[in-house]
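Single chain ahead, by itself, as structure tokens, in the form predicted alone.
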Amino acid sequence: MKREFFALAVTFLLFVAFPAALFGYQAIRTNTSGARVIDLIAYAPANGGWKPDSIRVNIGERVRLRIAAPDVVHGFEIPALGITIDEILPGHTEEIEFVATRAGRFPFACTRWCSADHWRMRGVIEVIDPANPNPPRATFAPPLYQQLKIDLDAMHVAQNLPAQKPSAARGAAINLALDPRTQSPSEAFARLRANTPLTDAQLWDAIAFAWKQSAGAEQIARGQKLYARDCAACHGEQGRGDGTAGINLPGMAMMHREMNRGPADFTNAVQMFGASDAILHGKILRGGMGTGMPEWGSLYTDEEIWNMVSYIRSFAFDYR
């Protein structure tokens, strides 16, 4: 009986009394801006995630979000609205004000790896235009992998591999024009091998340079920032699939028996040179379908996904 009472008391303190105390203290402060105050609690996924996970505001309305983290460190971001809080410490409340200038449904997420189920920390803020409460839904072209009728779940294995890591610097002197989005590095090598006097090593260097040039330095740098924030915890800082947060991803036992267990290794030439950029784009957009790899299509713009693809390529190619 004592144990049950203690468990109930802890639950009450964690989910009712503590958040109420946090927000009650904050409410003492005068809201001089006249903003509408919305309280949001970031629980670890095992404790329920965002409370609430859906928020509605009007376009042009000034909003103050008060975000508390009762259990572990969290972050907060609405990427499409440019709203970010880097760190919300346990037992603290952070505030941010904004005015939504466009209508739509904008996902928000935690930006700190709060647990192995961090990917579940998603919510939506819906901005309504009172003058047009039921606008027509926007239509989008299918992603490139669908246009090309690519099966993302098939095994895309390279048939041709370089003897050493291809160097974009060495390939700059050759400067081949290629289309990385629709062909894999392995396919490019096979197509060019019979029609060029280059050695295998020179051809692979030229392919590395073509991929780097197609991406562009700015796009690669943007992708690097996104990778460090959202991917390194699982895939590792060097892209080897050895990040600590990816060790116990849900769904790994259900993965294909020929696939490596755990997050993808972006230094694995067999996999990386067998996949076109369209395939990598699709996997980031859609997610890993039960492997624990979350979808990022609702959080990233299409440009940001391509930036991520550009940076991921640098693990298999030498872009220095």
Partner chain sequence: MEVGNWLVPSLGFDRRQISIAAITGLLVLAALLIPLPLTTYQLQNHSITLNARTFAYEPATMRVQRGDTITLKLESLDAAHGLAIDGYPVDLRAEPGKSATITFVADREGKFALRCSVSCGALHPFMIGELIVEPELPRVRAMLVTLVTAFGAVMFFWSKT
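Every value quoted in this text rests on a predicted model; they were computed, and no experiment measured them. Numbering follows the first chain given and starts at 1.
Beyond the structure shown, there is the form predicted in complex with the partner chain, which is absent from this document and is the topic of what follows.
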Taking a heavy atom within 4.5 Å as contact, would all three of Ile220, Glu303 and Ser314 count as contacting the partner chain in the model of the complex? no
Work out which of the listed stretches, 156 to 164, 179 to 187, 233 to 241, 193 to 201, brings a heavy atom within 4.5 angstroms of the partner chain in the model of the complex. 233 to 241
I'd like to check something about Val72: if you look in the model of the complex, is any of its heavy atoms closer than or equal to 4.5 Å to a heavy atom of the partner chain? yes
Are any of the heavy atoms in Met121 no more than 4.5 Å from a heavy atom of the partner chain in the model of the complex? no
Check Ala109 for me: does it contact the partner chain in the model of the complex (non-hydrogen atoms, 4.5 angstroms)? no
Proximity of Ala103 to the partner chain in the model of the complex, heavy atoms at 4.5 Å: no
Which one, Leu152, Ala215, Ile83, Ala245, lies within 4.5 Å of the partner chain in the model of the complex by heavy atoms? Ala245
Go through 105 to 120 residue by residue and record those having a heavy atom within 4.5 Å of the partner chain in the model of the complex; state none if no residue qualifies. Arg112, Trp113, Cys114, Ser115
